[in-house]
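The form predicted alone is given below as one chain in structure tokens.
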């Protein structure tokens, strides 16, 4: 199919940032061509949660829905951090000894290539960054400040929440609001209520976690049925993934052309510095597409890869990289998880994933060592009997069955996500050896845990263990970033800033080097925040960039 002509703007990537940018550009009257490297998912066909084997299935993998990613320096397993090592009462078959390289987990960087991007498998947490997260340097002397503040994004946050149908309860957590949440909060499940009660005795303030999951019908989408399987794909459309929100509404304007399975391989800059065209593989054919305006939203791994792949004789370090910052300042997801069994607790597998959150550890004067806690029983795979049988309950025969029936619904898991400060050893570059199906170097992630990250992991572990102990739990397993690189959110590889010498894009997401190139994904985040899920901020930044494009 020919893709040349007939459009005012091209968007690469249909996840949180690309979908929101495309929607806003269509609102402004621009004709938008949206290129997505992955396939289109059919909820009725692909999210088979009604099948007998649902518990053994993760988010479905379709041809082309996973990028090949390699890993470089992930650091070493230090003997002095054995207190942070993963363990299970069921027993691990092996453990890497101290002095071994930290491996990537089986999932490594968890992402989806497809129409809707990784919002297809997120659980819908809808967080605004805390105002202090924009001023880390000013408040603590560490890290850097954003070149914008909370007030710049606040009205856009409200607009995004309206498109998604966010359900939440207004609380005094420092994230001031000019508009109420569109929908009332979801009820807390039994596990969350147990943590809320235990946390109150420890001065941990557990509250309803805002979700882009409908608590009531909204904009022709049904309310959630609380199946609890958000990360496996939502067959009803109540979860606010980009495909059923921004992309559907952009399509309704008649100004969006969305092409899936379109792999962009190279960008070409013209003599005036503007990005003149791109090359893509669509249905096995090479296409050349003019780019009067180009919005790049391929994510914090694939965005720097494409810019580096597009190097030429005038720009040997890659496009948009006069600063040398493309691929640098990488920040992973720093995570901890503790799981315990609470005698007498029933129904912990019921409700919405991550239904309760505790921000109190993150609200200490905007300190750099910020993190959050959340109820993560469903997310950690303890939402069915197989999880109990393989991880928590031992034995066989009638004794085993009896123990399984008695214990099911009593598991309680607390997760923690913490801030990462960029390190010079961490980044995304091109693998010198490994190639993809197009013969191009794949993205290679290096990510080393610093002393600051390890210290924060200990704080996260202490807080998670404390609330589980207060709830009466006996620990059964723990896991953390210490033992393996595993990330759902990554940031920073094309950071924004006012100074073109130290950043890739300006405060509205426009490339310092190419006047018609804009980036609208988490690669532009200067900091990772205090454990907030980034999708709401990505979308707000995308609307801001699209408004600037139209202006």
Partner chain sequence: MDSLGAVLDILLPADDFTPSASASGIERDIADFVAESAMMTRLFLAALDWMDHLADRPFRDLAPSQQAEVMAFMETADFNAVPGRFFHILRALAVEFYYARAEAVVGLPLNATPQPEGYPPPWG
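Numbering follows the first chain given and starts at 1. Owing to the predicted nature of the structure, the values given are computational and were not obtained by experimental measurement.
If you look for the form predicted in complex with the partner chain, you will not find it shown, but the lines that follow are about it.
In the model of the complex, the partner chain sits beyond 4.5 Å of every heavy atom of residue 182. Interface membership of residue 52, defined by any non-hydrogen atom within 4.5 Å of the partner chain in the model of the complex, is confirmed. In the model of the complex, none of the heavy atoms of residue 97 sits within 4.5 Å of a heavy atom of the partner chain. Put simply, residue 408 is close to the partner chain in the model of the complex: some heavy atom of it is within 4.5 Å. Contact here is defined as any heavy atom lying within 4.5 Å of the partner chain in the model of the complex, and by that definition each of 383, 386 and 393 is a contact residue. Contact with the partner chain in the model of the complex, judged as any non-hydrogen atom within 4.5 angstroms, is confined among 308-316, 422-430, 228-236, 291-299 to 228-236.
Of the listed positions (266, 349, 102, 135), a single one reaches within 4.5 angstroms of the partner chain by any non-hydrogen atom in the model of the complex, namely 349. Scanning 469, 139, 85, 90 against the partner chain in the model of the complex with a 4.5 Å heavy atom cut-off leaves one residue, 90.
Of the residues in 149-184, none comes within 4.5 Å of the partner chain in the model of the complex through any heavy atom.
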